[in-house]
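Taking the form predicted alone, here's one chain by itself in C-alpha cells.
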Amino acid sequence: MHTDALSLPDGAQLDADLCIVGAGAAGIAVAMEFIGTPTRVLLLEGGGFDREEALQALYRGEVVGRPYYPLDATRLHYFGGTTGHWGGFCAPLDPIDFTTRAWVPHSGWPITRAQLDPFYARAHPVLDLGPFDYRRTYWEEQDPRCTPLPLDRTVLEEKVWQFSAPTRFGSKFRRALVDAPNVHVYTHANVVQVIANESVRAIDAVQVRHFDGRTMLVRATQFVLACSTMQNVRLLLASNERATAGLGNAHDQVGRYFAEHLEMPAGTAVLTRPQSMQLYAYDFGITKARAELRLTDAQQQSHGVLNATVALDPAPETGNALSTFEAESPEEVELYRRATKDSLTADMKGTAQRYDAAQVRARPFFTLTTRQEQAPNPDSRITLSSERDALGVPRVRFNWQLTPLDKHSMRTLYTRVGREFGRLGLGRVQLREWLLSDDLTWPPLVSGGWHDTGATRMHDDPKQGVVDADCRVHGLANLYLAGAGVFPTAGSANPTLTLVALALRLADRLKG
C-alpha cells in the first residue's frame, strides 16, 4: 500500500512490527525481504516519488573541514534515494579490508568477508549484475579481447568491477512495495525524532513532522534507520531528549570516522608495449566488467599502505584529466547533480570505443585514476550545526579530515606502479607534481567519490563503534542502522554492493 503522509491528520498514530526510515538502496533492500511475510512493515520516506526542492533543501549543511561537495548535492531525498545518481560501479570489499591491519589504526570489522559472501551473491540480482564472480580469469574467458597486462602478480594484481545498468531502486521496486499487502509505504514522512523509552534501552516510536507543523507518531517493535550516512548521524544526535549526547552516543562515537574514497586522477602512463586494453576499459552503460590494478596484500603490508586501485583510462586529447574540484566549482557540481535524474540514464549511455592493440599503439597515453580508501580518522566527523532546517532539526556540521597515511599510501601506490611498468618494459608513469612533494598535506583539488561511509561504524566494543556486528545500535535493544555508515573501513570498492549485502544480512537477522 501507499499513503502520502501529507493526507493524514495532525496527531495521527501508526503501528507496525517493523518501521524502516528511509527508502534508498538499504531501506528498500530490507523492505523487499519482508514482502509476503506475516511482518507488518512501515517504510517511511521523507520525500515523494520525485525530487522536490523544498525537501532536498533539508539536506543542506555546513562544511567546516576540507573542501567538499554541497551536502544537499551528495544525497537525493525521494523514493529510491541516491541510487538516482548512482553510476553502477560494483565490487565486493577485499578480504584484507575486514582484517585488523597493524599499519592502519582503527581498522578491522567484527565480521569477515567469508561471512558476507552469501549476501554479496544475493545482492547481485537486486542490482542487476552478472554472476558473483570477480576473478580476472573468468572475465577473460567471456571476452577473448580481455588480455591482461604481463605483470608480476606478487606485486600488482587486478581487481575486477562489475557494472549495474545502473539500477534505479525507485523505479525497479516501487510497484512491488506498493502492491505488497504487508508493506505500507508512506511518502512525505520526514522523521525528526527517534523517541527512546524512559530507561533509554529501547525505542518506543519515531516522530514525523510536516512543514506546516503537523506531526505523526509511528510505533513499532523494531526500527531500522536507513537514511544516508549523514542523516542517520543527524537523527541519532538530534534525538537527545532522554540521552543528552544523542542516541547510541554514550562514548562520543556517533559521527566520528567519516570516510570517503579519494577518487581522482593522480598520474599519467605511456605504454611502450601496446596491447589490447579491453580488460581495463569502461564505457558507461555498455561495459559489464573491467579490471583496475592494486598492490597485493603482501605489498600493502610491506609498505604500510591503505587499499587502493588504479584505473587506466584513455587520456584526454589535450591536457590532463582533472579532479572534480579542478574541473568544476561546488555550484556547478550542485547544478549537475540536480539535473541528473533517472530519465537521463539512456541519454548518458556511452558508445563502445576501440581498445585493441592498434588503437593503443596510435594513442598509448592513459590517465591513472585512483580509488583509495581513507584511513579511519576519529577527527573526520559529523556533528550538529546551530542552524536548523525548516522542520526544526539541527543541520549537519561536516568536518572532513585526512591523515598523512592517506597521502603516503597514494604516493607509494603510484611509485610502485611506475617502477613495475618500467622494470617490466610496459611503459612509463608520471606522477602529478602535488603527489611528488614530500609534504604529506593535501592540496585543495583533492576530491572524493560521493561515497559517504563510516560515522556510525560497526565494532564489538561500544567505546569504539556505534553498532554491533548485527548493525544494532549499542545499548538499544530494537534500533538498527542500515547503509554505508556502518562500514569500519571503506576499502577501495564503491559502497553500493556492500551496503545492499549488509541490508540483506540485517533483514535475515530481523526475521530471526
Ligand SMILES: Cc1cc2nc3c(=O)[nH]c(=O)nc-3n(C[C@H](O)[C@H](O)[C@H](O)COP(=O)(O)OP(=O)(O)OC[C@H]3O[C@@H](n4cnc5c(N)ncnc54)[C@H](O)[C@@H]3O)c2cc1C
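From a predicted model like this one, the values you see are computed outputs, not experimental measurements. Numbers follow the displayed sequence, beginning with 1.
Form predicted together with the named molecule: not shown, discussed below.
Taking the partner from elsewhere, Ala226 is found to have a heavy atom lying within 4.5 Å of the named molecule in the predicted complex. Using a 4.5 angstroms limit between non-hydrogen atoms, His451 touches the named molecule in the predicted complex.
Although the partner is absent from this view, Ser492 stays clear of the named molecule in the predicted complex, with no non-hydrogen atom inside 4.5 angstroms. Although the partner is absent here, Ala16 is not a contact residue: none of its heavy atoms lies within 4.5 angstroms of the named molecule in the predicted complex. Put simply, of Thr383, Thr369, Thr82, Ser276 only one has a heavy atom within 4.5 Å of the named molecule in the predicted complex, and it is Thr82. Between the named molecule and the residues Pro105, Pro394, Gly108, Gly87, the one pair within 4.5 Å by heavy atoms in the predicted complex involves Gly87. Contact with the named molecule, judged by heavy atoms within 4.5 Å in the predicted complex, is confined among 242 to 250, 185 to 193, 265 to 273, 411 to 419 to 185 to 193. Contacts to the named molecule in the predicted complex (heavy atom within 4.5 Å) from stretch 235 to 256: Leu235 only.
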